[in-house]
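Only one chain is given next, in structure tokens, and it is the form predicted alone.
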């Protein structure tokens, strides 16, 4: 909220009396437990009393601040304490016996929760290390949703979702005319600079893939988008961009399951409208993680979800992406977006591509499922008001990682990670380091003078079969 707590970027309450906030919070909590699927996990976590503190060693924020409030299990306890007190038999009985001395949810406590749960990027690195399997990122997600029901939510997240659902139809308010104009310019750039007649197709019915990048790519990541189009061109991929919905961003993932579901259903509706068979997600971690949930909402015969890194790797393996004999000379390292790598779903494909096109590829340490978050996860990258916090504190470990590699190019296949890492490099004095997309490097590496094996439109992925990385 604008007038309570340290953060000044919460939305204004919707005619809600401050005294009603605890009641409304508990009502929302009760509804989620009754109608959602969080109850089993919360009950397990509450019984474990998981406060051993082992997760502290895995948290990049705690490593910098050393403050108890930044230990993941201590933060989760803020919500679990409310659950035990108001939603378990033992808690209700204890409150009756204790009387006035019993824990009571207050406005100050809710403000504290608002502060703490937005200090966490929900990167879930602590989950990998927890000996009891407690998912503190899930607890953060649920706490934010409940807080959003009482208007404790950053304005930037609400504004983006409102623009997507009720305004221009996408988080950056890009018009269809502006979208087409941008893509026409990129087609000219591909022809004039790279000598390839790659196209950005619109509203093609029956295409195999409907493409959903982070809409901000159309404003900020021209080279990545040109790389996407070039890969589809040389591989003979059948794809289209829908003018009814062309934004893969889903900020509901960061603060509200209600908003998350509405955005997912809009994406599904666009694929159905175009009679597409698969969803092709651009270089965006949270957009991919969100799209992986499509089967839960799409009913019978849900469209398959493919990340553009997976597609490019399969095409490269199938010999459908011709490469120049000389490899990219700069030292290159790879940043694992948390939403792609934390559960190990997309880790090896980008590395195989980079090893094929780069002469000097080096790894950050740690990496893959134990990577450090860029520092702007969980939607915090959109909160420019807290840049000193997210780059100075949250981003310090990542800055140290990048510096240790000596890399000139940092590949970050995620729109949010790109923005955050560029600011991290700037704020930590990493001069000469450039943050790029993987498809930007692929564009440099492709040999458009050599024809790839002929293929009918749409045969690209089928030609690669169901191969999957073994690393």
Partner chain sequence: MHGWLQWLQGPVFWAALCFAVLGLARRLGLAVAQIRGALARAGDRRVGYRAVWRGTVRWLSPAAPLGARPLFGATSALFHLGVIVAPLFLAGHIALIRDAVGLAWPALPNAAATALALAAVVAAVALVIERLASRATRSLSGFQEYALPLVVALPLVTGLLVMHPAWNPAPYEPMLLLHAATADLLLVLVPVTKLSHVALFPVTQLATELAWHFAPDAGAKVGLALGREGEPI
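Residue numbers count along the first chain shown, from 1. Treat the numbers as computed from the prediction; the structure is a model and nothing was measured.
There is also a form predicted in complex with the partner chain; it is not shown, and the following applies to it.
Indicate whether the partner chain has at least one heavy atom within 4.5 Å of a heavy atom of residue 317 in the predicted bound form. Output for residue 317 is no: heavy atoms all beyond 4.5 Å of the partner chain.
Heavy atoms within 4.5 Å of the partner chain in the predicted bound form: does residue 404 have any? Judged by the heavy-atom cut-off of 4.5 Å, residue 404 is well away from the partner chain in the predicted bound form.
Although the partner isn't part of this model, could you tell me whether residue 335 comes within 4.5 Å of the partner chain in the predicted bound form, counting any heavy atom of the residue? No, residue 335 sits far enough from the partner chain in the predicted bound form that none of its heavy atoms falls within 4.5 Å.
Considering non-hydrogen atoms and a 4.5 Å limit, does the partner chain approach residue 258 in the predicted bound form? Within the cut-off, so yes.
Within 4.5 Å of the partner chain in the predicted bound form, all of 169, 342 and 409 (non-hydrogen atom): Looking in the predicted bound form, the three residues 169, 342 and 409 all stay beyond 4.5 Å of the partner chain (heavy atoms).
Among the candidates 130, 207, 183, 346, the residue which, in the predicted bound form, approaches the partner chain to within 4.5 Å (heavy atoms): For this set of options, the contacting one is 130.
Could you spot which one of 330, 151, 107, 400 gets a heavy atom to within 4.5 Å of the partner chain in the predicted bound form? None of the others qualify; the residue that does is 151.
Which of these stretches, 210-218, 73-81, 191-199, 318-326, has heavy atoms within 4.5 Å of the partner chain in the predicted bound form? Of the options, only 73-81 has residues within 4.5 Å of the partner.
Check each residue of 22-45 against the partner chain in the predicted bound form and list those with a heavy atom within 4.5 Å, in sequence order. Result: 27, 28, 31, 32, 34, 35, 36, 37, 38, 39, 40, 41, 43, 44, 45.
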